[in-house]
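In the form predicted alone, a lone chain appears below as structure tokens.
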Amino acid sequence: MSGPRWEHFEHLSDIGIRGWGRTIGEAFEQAALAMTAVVTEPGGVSAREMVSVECQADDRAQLLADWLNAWICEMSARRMLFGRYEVQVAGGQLKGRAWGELVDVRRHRPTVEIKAATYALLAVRQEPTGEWMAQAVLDV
């Protein structure tokens, strides 16, 4: 295992994201960071305000889609960006928090607006190494 990380991958006109972690929660956190990185550099987002979300789903992939879509809604409704995420997953229950700030167009230089996390290539699985991977495609 190489530790928590994220990446983007190409998918037609949309953007794919992947997060890896030692736990399913860490993989979800990294996927959310990859989502933020579609819009702006996550390291440039200050942790000025904490926001919480809760999700419930019957399977892990649906839980990932719900988790990402909850943050897409929060970003839009609050006009915020988030640069740090924390999540706890227990069965089909998820409790998460994120820290961020209001969008500052000059400083954050947002590139796109994310419409939704889709079901295309949606996957959550534990790799043979023991590491967890969380993947989604974002409609931009």
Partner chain sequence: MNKALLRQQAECEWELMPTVGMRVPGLLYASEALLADMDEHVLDQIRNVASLPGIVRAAWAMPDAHWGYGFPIGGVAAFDPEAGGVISAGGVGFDISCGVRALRTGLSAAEVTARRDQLAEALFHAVPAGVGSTGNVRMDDARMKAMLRGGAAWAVRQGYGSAEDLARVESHGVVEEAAPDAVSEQARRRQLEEMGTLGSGNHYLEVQVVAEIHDKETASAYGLHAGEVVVSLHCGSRGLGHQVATEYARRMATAAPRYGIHLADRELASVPVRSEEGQAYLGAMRAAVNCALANRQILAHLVRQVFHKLFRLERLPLLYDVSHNVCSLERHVVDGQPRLLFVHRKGATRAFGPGHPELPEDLRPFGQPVLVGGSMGTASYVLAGMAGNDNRAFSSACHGAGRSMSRSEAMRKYRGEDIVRRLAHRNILVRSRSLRGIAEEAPDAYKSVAAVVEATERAGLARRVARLEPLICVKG
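Residue numbers count along the first chain shown, from 1. Worth saying up front: this structure is predicted, and the values here are computed from it rather than measured.
Below, we turn to the form predicted in complex with the partner chain, even though it does not appear here.
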{"item": "Contact test in the predicted bound form: residue 113 vs the partner chain, heavy atoms, 4.5 Å", "value": "yes"}
{"item": "Touches the partner chain in the predicted bound form: residue 137 (any heavy atom, 4.5 Å)", "value": "yes"}
{"item": "Contact flag, residue 78 vs the partner chain in the predicted bound form, heavy atom cut 4.5 Å", "value": "yes"}
{"item": "Close approach of residue 47 to the partner chain in the predicted bound form, 4.5 Å, heavy atom", "value": "no"}
{"item": "Residues within stretch 59-92 having a non-hydrogen atom within 4.5 Å of the partner chain in the predicted bound form", "value": "59, 61, 62, 66, 69, 72, 73, 74, 76, 77, 78, 79"}
